Ligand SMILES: Cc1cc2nc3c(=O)[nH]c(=O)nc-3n(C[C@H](O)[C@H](O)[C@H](O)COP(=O)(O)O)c2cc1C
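Next up is one chain by itself, shown in structure tokens, the form predicted alone.
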Amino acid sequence: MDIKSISCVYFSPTGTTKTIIENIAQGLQAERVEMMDCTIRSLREKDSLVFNNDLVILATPVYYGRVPEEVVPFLKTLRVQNTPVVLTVVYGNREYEDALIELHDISVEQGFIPVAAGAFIAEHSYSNPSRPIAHARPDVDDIEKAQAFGSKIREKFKTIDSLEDIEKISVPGNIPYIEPENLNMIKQVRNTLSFTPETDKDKCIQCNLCAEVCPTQAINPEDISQINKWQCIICFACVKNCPTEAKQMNDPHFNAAIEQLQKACLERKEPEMYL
């Protein structure tokens, strides 16, 4: 089978998941690549996506060991019939736990045929100069491996005459999925605290970029210091994209936890691929 066209569907608040998926697509060397960004909530509320291409790549970051809750309902609106899919999760050098198997199960439920899957590493959303976690990843080596992964998928398709010949892939994970304890703890904390990034008004230049990049539209564009705590998923898109570092998470308990996370993530992890 020839792969002439690809649809890349991705959720990427800080841009690293997009980088990985672009390079996988590059390795596939298709004639046409269609990028379908579902990061911003308004983009996910448009008409259902239609896939007319030979292959789909689905990609999300890993939040608390799972597919982000924010994007799951959207993924479950995708409807296809026996469409090959490459599954990709991107995590910050801790663990991807049940994210890949969850994405696998969602895709199968929607009518996709998983032909390959990968877990790649990128700079952790909570990384900063004082507590780097997988700093500057994906790096050159990660990019090369993403492109090589795409090339291997292309070679796999050359050995397949029809969709009926595609062998099922197996990916790691727990059934039932492990409950995201840290996410549940954050939800409980928010019963009494805002627990969201704060705005340093002395640094803020009112560019409103934070409101524009927020995937849940939690930031009030009329007053960007106001964040809806029930919509904020602490993805740090606002923090990472702020040109003056005016957006920061100042909660001492949060920062203490991230310092511990940084110490636990010192050992470099490498991408894992399943074909």
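Each residue number is its position in the shown sequence, starting from 1. All figures in this text were calculated on a predicted structure; none of them were measured in a lab.
As for the form predicted together with the named molecule, it is not shown, yet the points below apply to it.
Screening Leu28, Cys38, Cys242, Ile233 for any heavy atom within 4.5 Å of the named molecule in the predicted bound form leaves a single hit, Ile233.
Note on contacts: among Val90, Leu103, Ala146, Val85, the single residue with a heavy atom within 4.5 Å of the named molecule in the predicted bound form is Val90. Partner contacts here mean any heavy atom within 4.5 Å of the named molecule in the predicted bound form, and among 152-160, 188-196, 115-123, 167-175 they occur only in 115-123. Interface residue remark: Arg131 is not counted as part of the site for the named molecule in the predicted bound form, having no heavy atom within 4.5 Å. In the predicted bound form, the named molecule stays beyond 4.5 Å of every heavy atom belonging to Asp139.
Under a 4.5 angstroms non-hydrogen atom cutoff, the named molecule in the predicted bound form has Thr14 among its neighbouring residues. Remark: Cys210 does not count among the residues lining the named molecule in the predicted bound form, judged by a heavy atom distance of 4.5 Å or less. Contact annotation for 51-76: residues with any non-hydrogen atom within 4.5 angstroms of the named molecule in the predicted bound form are Pro61, Val62, Tyr63, Tyr64, Gly65, listed in sequence order.
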